[in-house]
Every structure is written in C-alpha cells, then in structure tokens.
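The chain below stands alone and is given as structure tokens, in the form predicted alone.
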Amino acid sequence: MLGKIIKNKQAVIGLIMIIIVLIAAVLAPVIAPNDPMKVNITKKFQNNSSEYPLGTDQLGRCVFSRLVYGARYSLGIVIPILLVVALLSIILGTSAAYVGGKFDRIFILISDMVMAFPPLVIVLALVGSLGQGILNLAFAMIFSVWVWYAKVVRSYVLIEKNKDYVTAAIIAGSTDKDIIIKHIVPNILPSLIVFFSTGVAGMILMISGFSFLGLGIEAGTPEWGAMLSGAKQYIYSRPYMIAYPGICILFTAAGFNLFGEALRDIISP
C-alpha cells in the first residue's frame, strides 16, 4: 500500500499538504513568533516585518501567529468530531444492515427524518437551543451528519453480508459478533478510510462556515473561520485579512481531498 501511495503523484502531493498542516498544528508554539491572543491597539494594521511576517489585524494581533494556531484549532475540532461520527456510523450502520428486520427499518426511518433537514438547519437549531460553545457546536455537527455516513456504511455491509465468505463463516459456526468484527468490518475498512478521509475536507469547511456565522467559536479565537468573520468588514480596505485564512482553509481542504481521491483510486482502481 505504501509503495502504491508513493508512486501516485496526487497522493504524494495531498499527503505533503496534510503533513504541512499537521506540523503547523503540532509545532504552533514553536513556529508562531508571537502570542496569537495578544492585543496591541497601537500596532494595528502593521505591514509585513520581521516581527510580524504577515502584518497585524485590527487589534494589533500577529496574523501569521493566528494562522499557525488556526491549524491547531481547526483540526483539533474536526478530527474528534470525525472520529465520533466514524464510530457511531460504523456501529449503527453495520448493526442495521446485518441484523435487518425491524431494527433496520427503524434505522432507515430515523435516518430519513434527520436527512430531510439540511445539516445547517439542524446545527442552527441545536446551537440556538443549547447555547454557543465549541462542545455544543461539536455535538450539533455530530447529530447533523452521522446519518449520512451511517447510511453509506450500511450500504457497504449489505453488499458484504451476501458474499460467499460470510456464508462460509456462518456454516463454520462463527457467531454474529465474530462475523462482523473479524470478517465484514476488515473487508469494508479500506473503503471507509477513503470515505472518511475525504470527509475531513467537508468538516473543515463546515466548521469554518459556522465560525464565520459566529456559531460556537468564541470571539477572538484564532480559528480560520472566525478570522474570516472578524475580517469581513475590512474586505475592501484590508483584503489580505480575508485572503490569508481563506487560503489556509483551501489548502487544507484540497490536501485531504487530493489524498482521499488518490487513496480511493489505489484501493479500488
């Protein structure tokens, strides 16, 4: 697998882009030249310099430092959400497809009810009810998107459960638990990895969009979407303030999309 990834130019490019963002997130305290939260009104809208590589914003905060820490905040929110969504969707989607019957019908009914509403509407309703905050936003996003992933998992399991190796495992006396854990899930896992890796980009864009709308992320947080929201009033006088976080979002989303699409071609050519 690793050899195929190295030989695939698209996968290598996407992986390099992801690694750059991850390095920025992990080493943010080392890379950032200034405190991203430090306010100094006397230095607002400073031009590029050795002290402020990308200048300062309307409160005199270092734009470059905030962008570097933005990788930590964005990925720190997206990855836990995606892990929880992946766990829920695999458990519920696999159980519904394998058990079938009434349980599967109830699962489909609940899924159709949730999917009838756009995720944005669900998140707005839940955040409005629960109040703002990163945890409330994360819960709202998990609730709004898990069914989309779970139905994909269900479709994969429905295909696998009718194959000969599952029939052979049943004849051999394997329990349902063993069939699911040792046979079905390992066989669909490569496809799920591709599916969830491409979902990272979508999650990043969703988080940035909600931050732009002022949902969940506290004002002043060095998160790319929140930075876009704070800079929108300076779009004509200071367009770079919107350009920088926008480029970061585009770069990160493109990296995960490139790698995910290449990984899909490698696994299922």
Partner chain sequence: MTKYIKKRLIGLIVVLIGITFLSFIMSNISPVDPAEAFMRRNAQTATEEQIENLREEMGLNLPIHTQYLRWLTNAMQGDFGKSLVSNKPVMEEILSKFPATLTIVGMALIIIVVLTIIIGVLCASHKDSLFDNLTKVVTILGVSIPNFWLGFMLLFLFAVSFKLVPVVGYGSIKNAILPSITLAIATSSSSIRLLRSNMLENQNKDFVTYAKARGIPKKKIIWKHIFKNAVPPMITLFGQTIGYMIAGTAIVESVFSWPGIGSYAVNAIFARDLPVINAYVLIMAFIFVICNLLADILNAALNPQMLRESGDL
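Positions refer to the first chain, counted from 1. These numbers were taken from a predicted model, which means no experiment stands behind them.
The same protein also has a form predicted in complex with the partner chain, omitted here; what follows describes it.
The partner chain in the predicted complex is approached by G214, whose closest heavy atom lies within 4.5 angstroms of it. For T175, no non-hydrogen atom is located within 4.5 Å of the partner chain in the predicted complex, even though that partner is not displayed. For P119, a non-hydrogen atom is located within 4.5 Å of the partner chain in the predicted complex, even though that partner is not displayed. Although the partner is absent from this view, I249 contacts the partner chain in the predicted complex, with a non-hydrogen atom inside 4.5 angstroms. Scanning Y98, F103, W148, F195 against the partner chain in the predicted complex with a 4.5 Å heavy atom cut-off leaves one residue, W148.
Taking a 4.5 Å heavy atom cutoff to the partner chain in the predicted complex, the contact residue among L205, M37, A28, L59 is L205. You can rule out all but one of 44 to 52, 65 to 73, 28 to 36, 237 to 245: in the predicted complex, only 237 to 245 has residues with a heavy atom within 4.5 Å of the partner chain.
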